[in-house]
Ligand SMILES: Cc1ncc(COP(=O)(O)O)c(C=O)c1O
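A single chain comes next, written as structure tokens; it is the form predicted on its own.
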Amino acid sequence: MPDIIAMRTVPTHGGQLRQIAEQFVVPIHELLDFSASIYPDGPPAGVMEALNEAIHSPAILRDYPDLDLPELRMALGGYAAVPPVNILVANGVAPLIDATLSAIRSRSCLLPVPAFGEYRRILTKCAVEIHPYRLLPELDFRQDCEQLIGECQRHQCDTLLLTNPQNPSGITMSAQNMKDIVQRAAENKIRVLLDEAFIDFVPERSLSHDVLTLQNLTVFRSLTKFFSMAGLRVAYLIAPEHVVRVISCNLAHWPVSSVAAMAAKRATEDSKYITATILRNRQEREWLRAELLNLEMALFPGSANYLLFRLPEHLRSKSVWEHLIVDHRIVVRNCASFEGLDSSYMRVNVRNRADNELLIQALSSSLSHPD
């Protein structure tokens, strides 16, 4: 089978099933998606109730959303354990990072890689000089505090962009280790932008509350992954109050719809869903981890709702990603689009047991008959 890079375009984001279905000429409904790291069981019941209420209430659709979104910010504040004045809402993490870079007038940023591809696009758009810092697979892509600060000093960076849990590796630093980095950055007048898009799966490692004491820290969070509501595009940042005021001037009015705000508020208030989701994800992740290790994958110890692995050495030139689609209708994330990785790296979402079993069976078959 021809090499996939020469034959087809690997999507730069997960979940691009229409593009894959068209390229492989398969019905989209037959594809089982492990490429998008979204909790598979769907959003909390309250989200669906909010959407139903909106459909039956013309006033919700007719009237403009409240500019300050006080009810949503109150709910998010209760969820993240910070005052509402420290919260700013927008339709995704990307516009929030964009607005923040403009507000703080960042000139030079250290970017540990591999990392989410949108970071480089946003930094480039904001005319911020990018200094990639390569994280090593032999060290499980772990970050060292002194090395990070040293690299910032060497390149005269005023900004450090971090992710916890990391994407795509899933490696998660403890709250204390991350706090140490932020404090050392503060000593060197470096601002830290911390993307916690997947922190809901390991909430004890969040630094959200620490923005009240760490004035150089801005945290970004999303309701997309954990609450399974990517289609509603709701994200928020947490920062010192005076920073929130400055950043808000760089965001357009009405950043999310009334319907999205209602749904997001209901999601964060559902404590039973939150507790159950953390538990189920942990159980399925550990089961999937063990099965991938049985297939002799080079597996990285992720703590979120996805796992990164590397194919065995003798198969790294084979198009396993393509085989999974053609022969099994299973889509995993080919990580060639991540800076610092290649197509031998794959990332898979943690789904339910039945789906995870199908994935393991398909991987086993593809590894046994790669051609």
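Numbering starts at 1 and runs along the sequence shown. Values in this document were obtained by computation on a predicted structure and should not be read as measured data.
Absent from the display: the form predicted together with this ligand. The rest refers to it.
- Not one of 181, 183 and 191 comes within 4.5 Å of this ligand in the predicted bound form, counting any heavy atom.
- In the predicted bound form, this ligand sits within 4.5 Å of a heavy atom belonging to residue 195.
- When contacts are judged by a 4.5 Å heavy atom cut-off, residue 163 counts as touching this ligand in the predicted bound form.
- When contacts are judged by a 4.5 Å heavy atom cut-off, residue 167 counts as touching this ligand in the predicted bound form.
- At the 4.5 Å threshold, heavy atoms of residue 208 stay clear of this ligand in the predicted bound form, well away from it.
- The stretch that touches this ligand in the predicted bound form, counting heavy atoms within 4.5 Å, is 216 to 224, out of 216 to 224, 274 to 282, 153 to 161, 129 to 137.
- Checked against this ligand in the predicted bound form, the residues 79, 119, 201, 141 give one hit for a heavy atom within 4.5 Å, which is 119.
- Think of it this way: in the predicted bound form, this ligand has a heavy atom of just one of 92, 240, 112, 84 within 4.5 Å, and the residue is 92.
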